[in-house]
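Only one chain comes next, encoded as structure tokens, the form predicted on its own.
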Amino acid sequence: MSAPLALTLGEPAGIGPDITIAAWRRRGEFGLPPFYAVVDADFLAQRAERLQLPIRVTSVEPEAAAAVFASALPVVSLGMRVTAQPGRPDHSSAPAAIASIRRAVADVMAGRAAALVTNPVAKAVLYQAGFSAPGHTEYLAQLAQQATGKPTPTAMMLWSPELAVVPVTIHLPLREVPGRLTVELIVDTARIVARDLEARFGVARPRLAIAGLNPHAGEAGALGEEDLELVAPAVERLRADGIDARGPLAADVMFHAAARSTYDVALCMYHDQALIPIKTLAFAHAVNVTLGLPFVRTSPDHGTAFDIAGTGRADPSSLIAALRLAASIASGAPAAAASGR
């Protein structure tokens, strides 16, 4: 990997600045790859002072980031003043977060950065400022489509050495999940996952475990028809495509150690079905990976944590894992899949 990683600001009132500073300070301990933060340099220096973590912040262009990384935290300037205080988003929050994403994506698409790592944003703050995308990932897909002229369907994978999971539906009320699930959605999501696991994670023939929606995968229809009508046909289509998929599987027996050793990723039908097991197994070091983009994007698997921003209590472990995983994938020597294959 010759180019550095681009790290976005995220919500400036959240813990993104805190964990950026903490990760850079532990760069030697974890062998972190060179990265630069797309942020207002004065803002980041002020946050470091508040945290009583003295660091040197240096404004650079991306091409110079690697050269100064050992002695200073490289910053590519946003060109705007950021005034948000910890835990208190203000009028500068949304414009700064959006500008940071746009600049970082532009750098990755132009080859000035090897991969994108994003700090968490506060969607409510963005929505109040007129942000029209449903979320962070959808916005990245829009920017990719604008740059390439091609539709960019994506999937969200939560990855750790212990387990990788993909929710087929994401941020929906539970009562809406059965109505949103379709055979096509399951198949399209699985195809994205299989393709990127092979191309970016080095898994020669990914093994996909497909969870059922209902308890006991519907118990042959006794506990719901969705597994017979939606999940089973999707698995059949995937297998016809040559994808190693099996299911629908009873979700309550998919995540113990022996079961996890039989697959590379678990596709789950709704948010908590996927995120509860991985956050139980790998709460501090799981990484959010966006599959389907024309560039590598990882993110910490947590939110803005307004309540602890600026206190020094934020744990940088997930950001450190996201930086390391992004660099590994971008270098062509990706981390092992969850199964260790």
Partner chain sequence: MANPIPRICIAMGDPAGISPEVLAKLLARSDLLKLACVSVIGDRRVLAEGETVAGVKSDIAVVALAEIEQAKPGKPVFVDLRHLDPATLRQGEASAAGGGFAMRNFREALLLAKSGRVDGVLFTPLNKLALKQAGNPYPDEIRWAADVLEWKGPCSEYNRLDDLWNARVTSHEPLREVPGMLTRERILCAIDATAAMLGATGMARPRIAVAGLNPHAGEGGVFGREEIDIIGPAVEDGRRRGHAVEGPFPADTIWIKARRGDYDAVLSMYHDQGQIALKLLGFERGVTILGGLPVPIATPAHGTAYDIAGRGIADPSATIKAFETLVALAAMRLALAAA
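This is a predicted model, so every value here is computed, not measured. Positions refer to the first chain, counted from 1.
The same protein also exists as the form predicted in complex with the partner chain; that form is not shown, yet it is the one meant from here on.
Between 136-144, 244-252, 71-79, 100-108, the stretch whose residues reach within 4.5 angstroms of the partner chain in the model of the complex through a non-hydrogen atom is 244-252. The partner chain in the model of the complex comes within 4.5 Å of a heavy atom belonging to Thr280. Proximity of Ile170 to the partner chain in the model of the complex: non-hydrogen atoms within 4.5 Å are present. Although the partner is absent here, Glu219 is a contact residue: one of its heavy atoms lies within 4.5 angstroms of the partner chain in the model of the complex. Though the partner is left out of this view, Asn214 does reach within 4.5 Å of the partner chain in the model of the complex, counting heavy atoms only. A heavy atom within 4.5 Å of the partner chain in the model of the complex is found for exactly one of Pro153, Gly224, Pro95, Pro233: Gly224. The partner is absent here, but in the model of the complex a heavy atom of Ile276, alone among Ile276, Ala67, Ile308, Leu32, sits within 4.5 Å of the partner chain. Relative to the partner chain in the model of the complex, residues Leu174, Arg260 and Asp272 are all within 4.5 Å by at least one heavy atom.
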